[in-house]
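First comes one chain, alone, set out as structure tokens in the form predicted alone.
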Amino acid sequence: MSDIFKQIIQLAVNSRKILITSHMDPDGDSIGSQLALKDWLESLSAESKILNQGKISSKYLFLDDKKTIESIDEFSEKGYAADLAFVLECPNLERTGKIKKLITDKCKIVNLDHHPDNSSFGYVNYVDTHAGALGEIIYELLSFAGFQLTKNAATRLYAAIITDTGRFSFSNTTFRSLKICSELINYGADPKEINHQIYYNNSESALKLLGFTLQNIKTYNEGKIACMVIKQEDLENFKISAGETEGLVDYSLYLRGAEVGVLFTQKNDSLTKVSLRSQNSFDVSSLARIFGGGGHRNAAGCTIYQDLNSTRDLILQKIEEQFKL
């Protein structure tokens, strides 16, 4: 670890322009980690930019007080020439979406991840599959670099870890996760406030969409599979963005007897986002990888370039096949 961290620090110190990015539609772990990483880079007086494909959910806006995270769809500098790119939580460059076009052959890649399906595509690769969240890796990198965490940075990393461990309820939660979070509290992270901002600050429209989606939940395979669907027209009717649906898939496993939960979110007539959750030993990450996605054994996702109904039939068929193995 120390040799790789030294190499990363040296690259950051010697770089002129640094790009920070993550997978499409970044989640809380990606967002908190990106922002904390930028806090450190700013302490080095390095020019850095956070750029993703997809807007962040409003529940995470409190983490980005300076509004530094940008969307590629609204980015004007199409020829942004970074000489170093931090790529977070991506099994490959394709998962960054349109950002991949900005990462040229002259740009060195630091690939940081905690998912087992990472293809080690970077100039420097640090993939720690024992970490419960990427936020844990970023905390250890920044600590090794001697960065004095501010309250803002601690808040961002705490948010990263609790969102990816399901508030310490998922199987990826470890002693390390809890120890790091206890240290982050010492640096000023406020668990009550962070939980309130992320989990108890929904809009009325978002809660109504949740109710509508739960009302239409369907089960398959004798109740072992719980399936939810959000169509484009649902988002329009309830006047909320697709980003506001993050975390809704978790409700699929609230159903007694459900072992696999799926949320299908229609992006357009030929594109569907698939969010997957599971209990026990059912590995949804292997299913997501078939379609170019990834994640953890019990939490994963992918995007399929098919219409909603075809995607639903395809995924349900694959899940039922896996049950028979």
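From 1 onward, residues are counted along the sequence shown. These numbers come from a predicted model, not from an experiment.
One more form of this protein, predicted together with a small molecule, exists but is not displayed; see below.
Contact check at 4.5 Å (heavy atoms) against the small molecule in the predicted complex: none of 59, 167 and 198 pass.
In the predicted complex, the small molecule lies farther than 4.5 Å from every heavy atom of residue 69.
Taking the partner from elsewhere, residue 28 is found to have every heavy atom lying beyond 4.5 Å of the small molecule in the predicted complex. In the predicted complex, residue 265 stays away from the small molecule, with no heavy atom inside 4.5 Å. In the predicted complex, the small molecule sits within 4.5 Å of a heavy atom belonging to residue 296. This chain appears without its partner; in the predicted complex, the one residue of 272, 278, 52, 275 with a heavy atom within 4.5 Å of the small molecule is 275. With the partner omitted from this view, the residue of 302, 19, 308, 11 that lies near the small molecule in the predicted complex is 302 [heavy atom within 4.5 Å]. Residue heavy atoms within 4.5 Å of the small molecule in the predicted complex occur in exactly one stretch of 32-40, 252-260, 59-67, 287-295, and that stretch is 287-295.
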